[in-house]
Structure formats: C-alpha cells, structure tokens
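Take a look at this one chain, the form predicted alone, written out in structure tokens.
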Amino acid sequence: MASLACSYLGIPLRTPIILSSSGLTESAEKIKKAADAGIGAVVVKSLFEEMINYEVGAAVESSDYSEAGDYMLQYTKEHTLTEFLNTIEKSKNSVDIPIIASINAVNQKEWVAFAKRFESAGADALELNINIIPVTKTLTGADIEQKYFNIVSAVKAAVKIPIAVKISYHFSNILNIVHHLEGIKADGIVMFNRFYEPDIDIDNLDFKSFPVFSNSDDLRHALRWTGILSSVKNHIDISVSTGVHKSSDVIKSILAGADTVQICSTAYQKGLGIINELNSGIEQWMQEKSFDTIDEFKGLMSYNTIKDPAMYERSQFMKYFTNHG
C-alpha cells in the first residue's frame, strides 16, 4: 500500500496535506476534528497584532478616558495572546499531529515576544505570516526585503523550533529572497500568501468584499516557482498554499518539488471530509504509477529534471493563440 508519510520542517507528517491558518483552526475543538479527518498538520489561526491594535484604537476613541489606551492595549494583547496559547496547549494534549503557530506582527520585538510564548506553549513550529505593503515612495524593494530578513533573523535567534516564512509572489526575484532566507536558517517557505484585496462598490461609493475563496487555477503561480525553486534550494522546505483543491493539485505540487501543501478554501466549501478524499486520491494515483512513497515522485517534474526547463520560464501566450486562432 502507498505511504503518504513525509517530512516538513524536520517534523514527520502522516500526509503532506496541512490545514492552513484560518477559522477552521481557531480552536482546539476544530483542530481535533481536522486531526480526526486525517490532516497531516495544522497551522493555528494567525495572531494579528494589527487587529489587536485596531480593536484597542476603536475602544479608546469611543471612551472618555483616552489616557487608558496603554492599559487597554496591554490588557487586550495579553487576553488575546492567552487565548491563542490555550488553543495550542489544548491541541497538543488532544491530537498527535504537529501544531504550527502563525504570527503576523507589526513591530519586530512583538514577532520575537509572540514566538517565544508560542514555543513555550508547545508549538512544534512557527509560520511567520509577513506582509509589508509599501505606502510611501521612498521605501525601496531592498528595504522591504531587509525587513523580512530582520524579522526572520530575530525570531530564529530567539527560539529553537523550526520556522517557515509565508511570502507573496510580488518580489522581483523570489529565488534571491529564498536564497537569503535559507542563508539566515529559515527552515521552510510557504508559497504563496493570499491577501485581502480591496474592491469598490461604484453604486454606493464604498468598499466591498471580494471573493475570498481560491480555486485550482490559482495554483499556477506556486507551481511555476515551486518547480524552479526546488531545483536550486538546498536546505529549506517548500509548502504550496493557495489553489490546492483536488488530489491532482497535491500531486502536481509534489511533482514540481513541494514537500507539503496547505488547504483552506476547499475545506470551507466541502467540509473536512475533503481531507480523506484528497488522501485517497493521492494513494490511488501512487498505486497506479507504482510509487510506494512520496519521495519517489517528489520533484520528478522540477526545473532541472525535465527535458525542457523552459516550460517553467515561458510567460507569453503566443503559442496558445497561434494554435487556437
């Protein structure tokens, strides 16, 4: 029988499918359900320092005692952090799968402070959910990249558990970014972050929500860069995120060189039963192809293993439109 066992960030997993940070992983009870459904690991819902600050700011504005702001910030931050720590501790006591804590902070000292607390609570690893939006023309690409490196270096120096960095695909050279992250001992890279994108209601002159769920077509960005990156990286794991909906999406990602994948939208849309469906689909395909383990086909279609590496480099539609004119 085909084995789905693999490793991510140096941690053994029973399947390469991870449930990503979301409302589906916000409590120990929900994490237990995901574990029972056959997930390989979970990333606990991210702790967003920015949201804590926003909530405190709104409360202070509505209060007659603005000088209480510092106290309210500290109280709210500690209360929220305690809830996250309790989720990690309870989950570690109720499931036998890896628990990965996720952080999205604003200040570098808070990245470190949160990381230490999560490690103490028993988290098996950390996922740094970094998102820096340039809102001034004087901030250069190099400045933004250095902020990433500073955060990762500081957290890496503060904890002993492995660290994965979740990035976007908006860098000018993803390979260079990952090369530097690997150099400062990041253990994994998650590609790619799915950000909130604003939309405008032209009738009411207001902002409105956009479709939050991904689809299989969204896998393309990660597939290209996984195929290329897996051929040049040395000691950093790759987890594909966004666009993983079917067992074929998981298989494609691993063939390109990914160590694991992360699911979210499909679990919201179809329920946790999709986890068993994905696992079964991978096993069936492996049996049909006579693969006994994940490692036997991981990277078989990466950049440096296929006959025509240019398949990963092409960015024009000329051939398609020529054939379909």
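This structure is a prediction, so every number in the text was calculated from the model and none was measured. Residue positions are given as counts along the sequence shown, with the first one as 1.
We do not show the form predicted in complex with a small molecule, though everything after this point is about it.
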Worksheet item: Are any of the heavy atoms in residue 192 no more than 4.5 Å from a heavy atom of the small molecule in the model of the complex?
Response: yes
Worksheet item: So in the model of the complex, does any heavy atom of residue 42 sit within 4.5 Å of the small molecule?
Response: no
Worksheet item: Does the 4.5 Å heavy atom contact test between residue 302 and the small molecule in the model of the complex come out positive?
Response: no
Practice prompt. Using a 4.5 Å heavy atom cut-off, state whether residue 21 contacts the small molecule in the model of the complex.
Written response: yes
Worksheet entry | 129, 166 and 214 each touching the small molecule in the model of the complex (heavy atom, 4.5 Å) | yes
Worksheet item: Residues in which of 181 to 189, 133 to 141, 235 to 243, 150 to 158 have heavy atoms within 4.5 Å of the small molecule in the model of the complex?
Response: 235 to 243
